[in-house]
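Below you will find one chain, with nothing else, as structure tokens; this is the form predicted on its own, and questions on how it binds or moves follow later.
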Amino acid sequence: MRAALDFCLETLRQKNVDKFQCSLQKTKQYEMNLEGLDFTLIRTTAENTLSITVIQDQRKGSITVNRLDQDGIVEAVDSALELASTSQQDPDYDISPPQEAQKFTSGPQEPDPERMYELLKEYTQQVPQLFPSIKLMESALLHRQVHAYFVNSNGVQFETEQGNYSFSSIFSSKEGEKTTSFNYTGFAAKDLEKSLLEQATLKTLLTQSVEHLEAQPFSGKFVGDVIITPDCLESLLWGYVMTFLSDGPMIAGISPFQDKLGQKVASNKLTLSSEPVSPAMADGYFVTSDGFAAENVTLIEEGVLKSFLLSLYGSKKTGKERAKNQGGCFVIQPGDKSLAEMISQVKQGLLVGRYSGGSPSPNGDFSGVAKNSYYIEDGKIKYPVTETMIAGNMAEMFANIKEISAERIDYGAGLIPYMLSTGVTVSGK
């Protein structure tokens, strides 16, 4: 594997490429799959991926290939150079500067097939017993081991050996003529000590799926509170940071936050960080795609914007500081109220389990369907609702946070609480 990378470097040097970076990754995956309650697949797969980026005469070309023989590598280098020759010149194309060579190791490097089978078998027995109405669709328990190298023409050399387990499950409920829409969840873990139902929100979502057999349509419209569940909030956080903090809107100058560094942009109850190298992250990362050793970074501290999420290119384009990582592995600091206490504060609102909608507009406006959700009135959950529309503004929703829950869910790639906010429009039929 290393020999292929060395040959790639030598080929690039012989062609006198101005600047280049290469990453070579070998991924080995052991997986067990269920369809319904039946084992359908147990296999091991392996894949090698070589990614090459060249910068020649301020033009950039990138290519990713699976061939690691010498002819394949030469062809890939030539293709990257050809792509660069047809691209637009940009003086801000660059690669990471010299850094200390490092090797990163994390997680289990080999799977435990017996324990994996035991856990999946237990899952197929527990679900019918505890949730007779649940219909499992597809479930998978994986062990993934990645051995990766990153090098560039500035002498950067990183090596990573990383392993973890991950589980995902898709399910719905059926009872007589009643059925629910599907729901899903998953998590990553460094070990297999706990049963599957004990982790993340799996048991909670299975319970809610059964409850949604009695879902009712909500009629009317109001502007009120929403409690965003951890499963939903994790996906909304990506929408939030990509809309306001990332390269695209910052380079275009359309982010409402572009001049807000060091200023208040959210409720003082919100402290949000991205922690890919935290020991708590089973599915973190150590090297950014543009060639820097990743560091944990606080994005928002007590409502104050502390960092944008700019790559090296975004930093050079905007003149602002490069982020210490590329996002993800989000951690929100907990509040002091339980979920039950948060629900008791809601006069009229919605507990939002899942959001289905497009990306927010450049100013943060969003509109979509709240799925797997519950109507709340006078401090009590009244009933599960069928698909109900919600709309609002992402920046305002995070500025209008009333409470962050004391409970947080550990997904292995994020540590996420419940969030109570206000000013969201809820519309039924």
Partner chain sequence: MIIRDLRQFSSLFRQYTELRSQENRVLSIAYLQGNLVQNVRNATSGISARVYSGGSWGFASTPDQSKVREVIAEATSNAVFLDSREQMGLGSFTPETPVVEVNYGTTKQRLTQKEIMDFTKAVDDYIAKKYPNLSSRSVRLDCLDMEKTLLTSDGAYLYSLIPRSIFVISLSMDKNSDPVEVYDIAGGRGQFEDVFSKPEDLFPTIDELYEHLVKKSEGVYPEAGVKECVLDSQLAGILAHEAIGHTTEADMVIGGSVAGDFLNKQAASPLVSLADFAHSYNGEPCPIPIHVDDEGTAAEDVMLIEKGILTGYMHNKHSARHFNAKPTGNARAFTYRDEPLIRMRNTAILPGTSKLEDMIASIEDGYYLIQPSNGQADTTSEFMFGIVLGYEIKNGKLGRAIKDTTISGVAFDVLQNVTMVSDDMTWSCAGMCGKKQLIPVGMGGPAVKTKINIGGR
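The shown structure was predicted, so the numbers you read here are calculated from the model rather than taken from an experiment. Numbering follows the first chain given and starts at 1.
What comes next is about the form predicted together with its partner chain, which does not appear here.
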Here the chain appears without its partner; judged in the model of the complex, the stretch of 226 to 234, 342 to 350, 158 to 166, 89 to 97 with heavy atoms within 4.5 Å of its partner chain is 89 to 97
Heavy atom within 4.5 Å of its partner chain in the model of the complex: which of 135, 269, 322, 337 fits that? Just give me the one. 135
Could you work out which of 203, 317, 260, 190 is the residue within 4.5 angstroms of its partner chain in the model of the complex, going by heavy atoms? 317
Any chance residue 131 has a heavy atom within 4.5 Å of its partner chain in the model of the complex? no
Residue contact check: residue 382 to its partner chain in the model of the complex, 4.5 Å heavy atom: no
Using a 4.5 Å heavy atom cut-off, state whether residue 248 contacts its partner chain in the model of the complex. yes
Partner proximity in the model of the complex: residue 101 to its partner chain, non-hydrogen atom cutoff 4.5 Å: no
Whether 60, 67 and 313 jointly form a contact site for its partner chain in the model of the complex is the question; each needs a heavy atom within 4.5 Å. yes
Just to make sure I understand: among 39 to 58, which residues lie within 4.5 Å of its partner chain in the model of the complex, judging by heavy atoms? 39, 40, 41, 42, 43, 44, 45, 46, 47, 48
